[in-house]
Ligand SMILES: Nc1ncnc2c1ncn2[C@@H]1O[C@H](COP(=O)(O)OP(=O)(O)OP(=O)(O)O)[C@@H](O)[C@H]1O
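We begin with a single chain expressed as structure tokens, specifically the form predicted alone.
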């Protein structure tokens, strides 16, 4: 771990316009001024009147005046004090003085800024040279990483350029969420003064987790922690405002309920929802990243393309990346079409393909053709893959399971109207819609033009479950149809 040296902030000289603009854009919620706001800010800084600004910019004077009024309101909220055209210089000078004082006072661990907004960008740019604190805990090794170029670019845009407060990466088990976020964190780490990785797999209580995070922030110094989870959340938020931190929580599904629709917290873990809401709704300079098989329900309504809360549903790898997984184990025999069939069958899931590769190698002489023939004639699911899907199955609500059983034995996509007709006699339409939405967010069903369907590997899993549960009368004919037609159509 590298020690942070105390940065020197020059506060006894006149700020230039670029420094002033950098302070403003680091403090406001949207992270940048729009074109008209920047014109008004720059020329107001130079002492020009609204009439002069309108004349030089080509806008009407009334429009410039209105834009200025809105700008001063934005800055007043950002700095927690009234900002006007006339006191602009004085307010920003006080802000940089406050940062300089806080930096000298707390330079043993990090520059502090006691305002409720983002710290000065000039200070944040020093982090790469002054040092960083990082705790990767049990983050996985990604020295071998397959593709995901587009996803990494999107996440980097959200986290670094757009400074999103909370980002969720969700998808089915084995799809590569954890590896993707580790790779991203490695790429963006220089933009953060603190980087902390924690897994929720062992379901830590929020009070204990926050205590650990705050102690890490202060590097072993004695801190008086609040007694309640709510109090500790407020303490944590103070630190996340004062320093730019990347906090990653892996396996968030561990604190969510099983046997229910997605997103409900387990008893005793509801305060995580309060933390996530604070991270999403409160202005701060940090970023919380979550990985999960399902999204916490409270976050969905806060997401948007132009909002500081985003989510990315992670799909399978493409054919080229999937072939690299097999190539790492040796040479496999297959035509281009056979590669496509295999990868489509397992939805490009990297963990599942890593499980399949040694089976093909050991029992089918590295011949993908022989393996496809075998799975065409059998609904058998290999043990490791079965265990992976069992984990997902055990999280489902009863209605979700029934709907998946229904879809599993259907050869073609099932229209919404047919699902309603089948389930509505005993359930209201709202229940069916909520269940479909829940299954989509679990990445277990797909919406296509003709209706809803399952991936082939998911179909196989649920047919096996139905055989175990002795639902043979329901599925005997459908299984024959599935075996003879589904894979034949692909092969």
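Numbering follows the first chain given and starts at 1. Since this is a predicted model, take the numbers as computed values, not measurements.
The protein also exists as the form predicted in complex with the named molecule; that form is not presented, and the subsequent description refers to it.
Contact annotation for residue 265: none of its heavy atoms lies within 4.5 Å of the named molecule in the predicted bound form. When the named molecule is considered in the predicted bound form, residue 385 lies well away from it, no heavy atom lying within 4.5 Å. Residue contact check for residue 146: one or more of its heavy atoms lie within 4.5 Å of the named molecule in the predicted bound form.
The shortest heavy atom separation between residue 191 and the named molecule in the predicted bound form exceeds 4.5 Å. In plain terms, the part of the chain that comes close to the named molecule in the predicted bound form, with a heavy atom within 4.5 Å, is 317-325 out of 158-166, 274-282, 317-325, 255-263. 178 is the sole member of 286, 311, 235, 178 with a non-hydrogen atom lying within 4.5 angstroms of the named molecule in the predicted bound form. For the candidate set 172, 403, 184, 342, a heavy atom within 4.5 Å of the named molecule in the predicted bound form is found for exactly one residue, namely 172. For the partner-free chain shown, just 293 of 283-314 comes within 4.5 angstroms of the named molecule in the predicted bound form, judged by any non-hydrogen atom.
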